[in-house]
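This document opens with one chain alone, in structure tokens, the form predicted alone.
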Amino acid sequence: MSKISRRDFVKLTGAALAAAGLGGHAAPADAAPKSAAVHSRGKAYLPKARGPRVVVVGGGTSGLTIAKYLKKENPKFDVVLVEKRAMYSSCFASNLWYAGVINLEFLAGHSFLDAARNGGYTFFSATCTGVDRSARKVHTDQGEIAYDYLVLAPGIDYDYERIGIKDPDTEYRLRTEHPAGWMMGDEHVSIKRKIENFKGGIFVQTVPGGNFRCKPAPYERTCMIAAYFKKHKIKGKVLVLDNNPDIAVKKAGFHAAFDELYKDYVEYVPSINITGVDADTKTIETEFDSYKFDEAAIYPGVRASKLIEVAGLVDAKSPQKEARIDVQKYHVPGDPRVYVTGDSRPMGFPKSAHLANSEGKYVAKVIAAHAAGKAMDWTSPASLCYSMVNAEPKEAISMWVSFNYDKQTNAFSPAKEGTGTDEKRDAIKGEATLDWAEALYGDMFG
């Protein structure tokens, strides 16, 4: 397979298919926008807006894509990307680092400043503390920013109550001692060190239910950890405790890898409902059994970023506290000036990088159309997802997906002609995995 070109990347479709329902329900329009802000003092130190100001909160795949493509759709937009991190590091492709397939520079060698300069927008390093929709202001720890349009793309938070953890002391210990590894770059560093320093025994990887970031990723990580153990002859096993009744996506390809490549290094246990974790004894409690471990990456499940709750935008029907928005246009009902995208939106689309990239380009078009007084027809997000299952040689499997929308039920379903898998691992897809990641970085930062 030849390298993926930038043009080809934009056309790619597919990704991990969400096992959860794909329906979306827009809440009734608010009578009036309500303030839900932790008020900051004074204005943010930013250049004066030179056009309609669009503030994008969150510098993940969704936010970076939208900031860049807003300027492409309407160069007169004054786009400000607000991101609390000073340095970028991606979750996608992070599993490959654990087995030495890539180096840290591959994940973190990208600059928000370069992205803003190349994309013609402004990068503002700050933490969003709230939103005042009545006054059209975003509040940050560096001051307030007035907006004409606002995009909230803050990603996910972990939900430890899903695994029976209700006290902050235990949650803190799990976050720091056994991080899930699907949010911050320092989590990846911690897991990398755990793998390298592992002397043997049981390394637990938990897999949540529902719609989580990113569905194939815990199984891919299992393969990469097992590949490291196998290469270095470590007498250890990756114990996969999965809340799902079977591997959530690409199950044939992952089962084949577990059985054929890592028979002595992986044990897969489905239908596990974790009810608690004892950090002192390193014991995971379930409905029926207890599991001891020597090391672990405990993935508790996800919810929308707590910023969505702070902003007063949570859909009361969403078990994962996702936003209430128009599921076709992405704006808050009754307020076409405020949008929620990426992993905090309520639709059952995969919480994956390529899906967020595809979705972001569409949302940029929607906002540009609204500003021009035009209508924008719904376009399905589409994505391609590779999963590395072997490190030496590099071999991968893949999946792609797009969606249909049913106006009668206000729900989405996978499009038959735009969804499929290639679960026979090979080196061609292994190389394509790296090409895919590089193309995504290039699209966001170039």
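As the structure is a computational prediction, the values presented were derived from the model and not from experiment. Start at 1 with the first residue shown and count on from there.
We do not show the form predicted in complex with a small molecule, though everything after this point is about it.
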Original post:
Which of these residues, Ile225, Leu241, Leu307, Val79, gets a heavy atom within 4.5 Å of the small molecule in the model of the complex?
Top reply: Leu307
Subject >> the small molecule: the contacting residue among Lys231, Arg337, Lys84, Lys72 in the model of the complex [heavy atom, 4.5 Å] >> reply: Lys84
**OP:** Run the contact test on Gly210, Arg303 and Glu322 with a 4.5 Å heavy atom cut-off to the small molecule in the model of the complex and return yes or no.
**Re:** no
Original post:
How about Thr127: is it within 4.5 Å of the small molecule in the model of the complex, going by heavy atoms?
Top reply: yes
Original post:
So, in the model of the complex, is Arg133 in contact with the small molecule at a 4.5 angstroms heavy atom limit?
Top reply: no
Original post:
Is there a heavy atom of Ile397 no more than 4.5 Å from a heavy atom of the small molecule in the model of the complex?
Top reply: no
**OP:** Evaluate Val55 for contact with the small molecule in the model of the complex, applying a 4.5 angstroms cut-off between non-hydrogen atoms, and reply yes or no.
**Re:** no
Subject >> Options 398-406, 411-419, 44-52, 380-388; stretch whose heavy atom lies within 4.5 Å of the small molecule in the model of the complex >> reply: 380-388
